[in-house]
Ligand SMILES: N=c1c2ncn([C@@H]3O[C@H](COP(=O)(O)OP(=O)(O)OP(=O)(O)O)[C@@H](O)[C@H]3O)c2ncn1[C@@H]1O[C@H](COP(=O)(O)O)[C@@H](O)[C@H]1O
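In structure tokens, the next block holds one chain alone, the form predicted alone.
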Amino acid sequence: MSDDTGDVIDDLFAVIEDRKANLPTDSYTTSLFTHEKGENAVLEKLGEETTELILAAKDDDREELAHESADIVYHLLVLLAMKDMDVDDLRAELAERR
């Protein structure tokens, strides 16, 4: 992973945390934090995006695979924020597995 990728993920997580704190009404991220289903809304999106990722991989559709991978990363970061975790928690777990 290049430094740019890490920066993008850190920047995205900072935006997610900002949305969690400020809940702007015109934000998709806000809608996930305030959804009547609670965290189940994000869990459902992760399931949906995972299925789409699998289908893109099966079809060898690189563009769609990248798109769905980004959707999974985004929704994973939202879930981490919901659970009061952050990217450093993810980094620590990945480092342990190295």
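Numbering starts at 1 and follows the sequence shown. This one's a predicted model, so the numbers in the text were calculated from it and none came from an experiment.
The protein also exists as the form predicted in complex with this ligand; that form is not presented, and the subsequent description refers to it.
Review point. Is there a clash that blocks the site, or is it open, when this ligand is superposed from its pose in the predicted complex and ligand atoms are checked against a 2.4 Å limit to backbone and C-beta atoms, 3 or more counting as blocked?
Key: Open, per the superposed partner pose.
Review point. Does this ligand get within 4.5 angstroms of any non-hydrogen atom of E44 in the predicted complex?
Key: Output for E44 is no: heavy atoms all beyond 4.5 Å of this ligand.
Point to revise | is_contact(L12, this ligand) in the predicted complex, heavy atom dist at most 4.5 Å | key: Yes - in the predicted complex, heavy atoms of L12 and this ligand come within 4.5 Å of each other.
**Study point:** Contact test in the predicted complex: T34 vs this ligand, heavy atoms, 4.5 Å
**Key:** T34 lies outside the contact set for this ligand.
**Study point:** Non-hydrogen atom contact S27 with this ligand in the predicted complex at 4.5 angstroms
**Key:** It does: once this ligand is placed as it appears in the predicted complex, S27 has a heavy atom within 4.5 Å of it.
**Study point:** Any residue of 44 to 82 that, in the predicted complex, places a heavy atom within 4.5 Å of this ligand
**Key:** In sequence order, K45, E49, E52, H67, E68, D71, Y74, H75 come within 4.5 Å of the partner.
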